[in-house]
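Taking the form predicted on its own, here's one chain by itself in structure tokens.
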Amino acid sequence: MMALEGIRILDASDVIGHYAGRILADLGADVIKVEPVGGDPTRRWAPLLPDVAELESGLQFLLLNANKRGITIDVTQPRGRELYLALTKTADVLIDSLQEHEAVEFGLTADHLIEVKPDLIHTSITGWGLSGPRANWAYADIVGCAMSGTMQLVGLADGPPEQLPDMQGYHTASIQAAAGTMGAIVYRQSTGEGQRVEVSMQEAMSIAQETAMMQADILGTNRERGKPQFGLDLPGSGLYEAADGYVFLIASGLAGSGFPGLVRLMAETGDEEDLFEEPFRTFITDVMGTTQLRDILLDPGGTSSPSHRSSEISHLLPHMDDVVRKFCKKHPKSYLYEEGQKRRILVGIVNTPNDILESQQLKERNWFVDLEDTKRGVTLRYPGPQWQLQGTPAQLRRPAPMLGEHNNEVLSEIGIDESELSELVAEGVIAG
């Protein structure tokens, strides 16, 4: 038994909602992906599988639509709309990404859907939500990242704001939609009542700012992108190039063994240079691993720790950082990470996609799943489930559907016989 087994979901969303349907399908729901007759545009999005027809080769579509059955319907045709509503009547949940003006145009407003299925859970995922002055504005992933304020926090201090990679706006909206849908399912099981679940990408992404909005509200200041803490570049804090990639260090504060621990690690390979000599030795021992550093940086003109005023130490920090950078560049990132962790130094590897594939941690947990896709003639390795549910584990059961693969199967479940299927194909209501 899977967590959502017995729940039927009609996923008529575009790319902003694909991941929501995938999450719910992984938990056991029967998710039916509804596409236009020409196919969802993401079927053709690069990167593409080699030696597979373009319509069936888009990795974005394959990733986010696994575990779903697939049908095609042209809802702009009256007969297609009838089919869509007939399927909605059999569903527990409908996921779509129609803005209100589109719903009116297609005759698929909330009133139409409730008339067909009074206890329907109707999950809407759009850029702006269904109300407000921008409800019918166009949107894209980059727009959601920008309008949520998240882009303002991404990038280097001396560069422009940067887009978050790989459609994080769409994925975040989908995750919130899946969570809201599951809450609505629990409520309906208790009361028998359906409801509208509405997700705005702008709102879903805004929480990714963490406390930046609170800072603006309480302190009246905008958090600045990539600005060093206290206005100084502290050694052992930030991104460092390793021999085969990058690591991220946080060794300038009080957490772990701090900068003194980092220098001890450097000394084991003879890379500490003059950091055990004065004035560095006393500064590292008495200041870098203590609250004095914080006090000096917060109050550079004060009387605390007069032997180490920030005006006097500013020339020490660049040299210390240069020594750290030379040390990191000599060693593989795995060495820096593993040896640093052993010594309570806060260091993490900046993993590449291939690093993730080769991760011993993930291999030991059997996280990746190899799925045979016989119709495309390939075996694909998928990322594993989002959660490890011991009693009702998520499962990867089927590859993403071929275009219209389950037309006959699904439509027969609502009483469409073979002759009517042939008529629907001939009229272009469904794909042949």
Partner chain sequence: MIKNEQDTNVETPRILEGVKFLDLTWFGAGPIAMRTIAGMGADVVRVETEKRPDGLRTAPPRPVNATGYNLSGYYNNFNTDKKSITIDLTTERGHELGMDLVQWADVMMTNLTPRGIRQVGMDWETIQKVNPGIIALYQPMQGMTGPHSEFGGFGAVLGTICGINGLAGFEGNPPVGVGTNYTDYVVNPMHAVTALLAALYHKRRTGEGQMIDMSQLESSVAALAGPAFALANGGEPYIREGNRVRYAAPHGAYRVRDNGERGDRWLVIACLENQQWRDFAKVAGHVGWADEERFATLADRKANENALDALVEDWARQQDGEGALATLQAAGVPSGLVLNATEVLADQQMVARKYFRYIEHPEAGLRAHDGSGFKLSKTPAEPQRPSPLLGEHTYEVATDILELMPEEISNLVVEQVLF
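Numbering follows the first chain given and starts at 1. In this text, all values refer to a predicted model and were calculated from it rather than measured experimentally. Rigid core: the largest C-alpha set superposing within 1.5 Å between the two forms.
Separately, the form predicted together with the partner chain exists; it is not shown, and the next lines address it.
- Though the partner is left out of this view, Q60 does reach within 4.5 Å of the partner chain in the predicted complex, counting heavy atoms only.
- Interface membership of Q77, defined by any non-hydrogen atom within 4.5 Å of the partner chain in the predicted complex, is ruled out.
- Using a 4.5 angstroms threshold between heavy atoms, R365 counts as touching the partner chain in the predicted complex.
- Although the partner is absent here, L389 lies within 4.5 Å of the partner chain in the predicted complex, judged by heavy atoms.
- Between 105-113, 125-133, 69-77, 275-283, the stretch whose residues reach within 4.5 angstroms of the partner chain in the predicted complex through a non-hydrogen atom is 125-133.
- In summary, among the residues Q341, T269, T90, S314, the only one with a non-hydrogen atom within 4.5 Å of the partner chain in the predicted complex is Q341.
- Checking H171, R81, H331, K117 against the partner chain in the predicted complex, a heavy atom within 4.5 Å turns up for just one residue: H171.
- The partner is not shown here, but in the predicted complex the stretch 195-219 reaches within 4.5 angstroms of the partner chain through a heavy atom at Q195, R196, V197, E198, V199, S200, Q202, E203, A204, M205, S206, I207, A208, Q209, E210, T211, A212, M213, M214, Q215, A216, D217, I218, L219.
- Once the cores line up, the CA of L346 ends up 2 angstroms or more apart between this form and the one not shown.
- Residue displacement note: I356 has its CA displaced by under 2 Å between this form and the one not shown (rigid core superposed).
- Relative to the superposed rigid core, R325 undergoes a CA displacement of at least 2 Å between this form and the one not shown.
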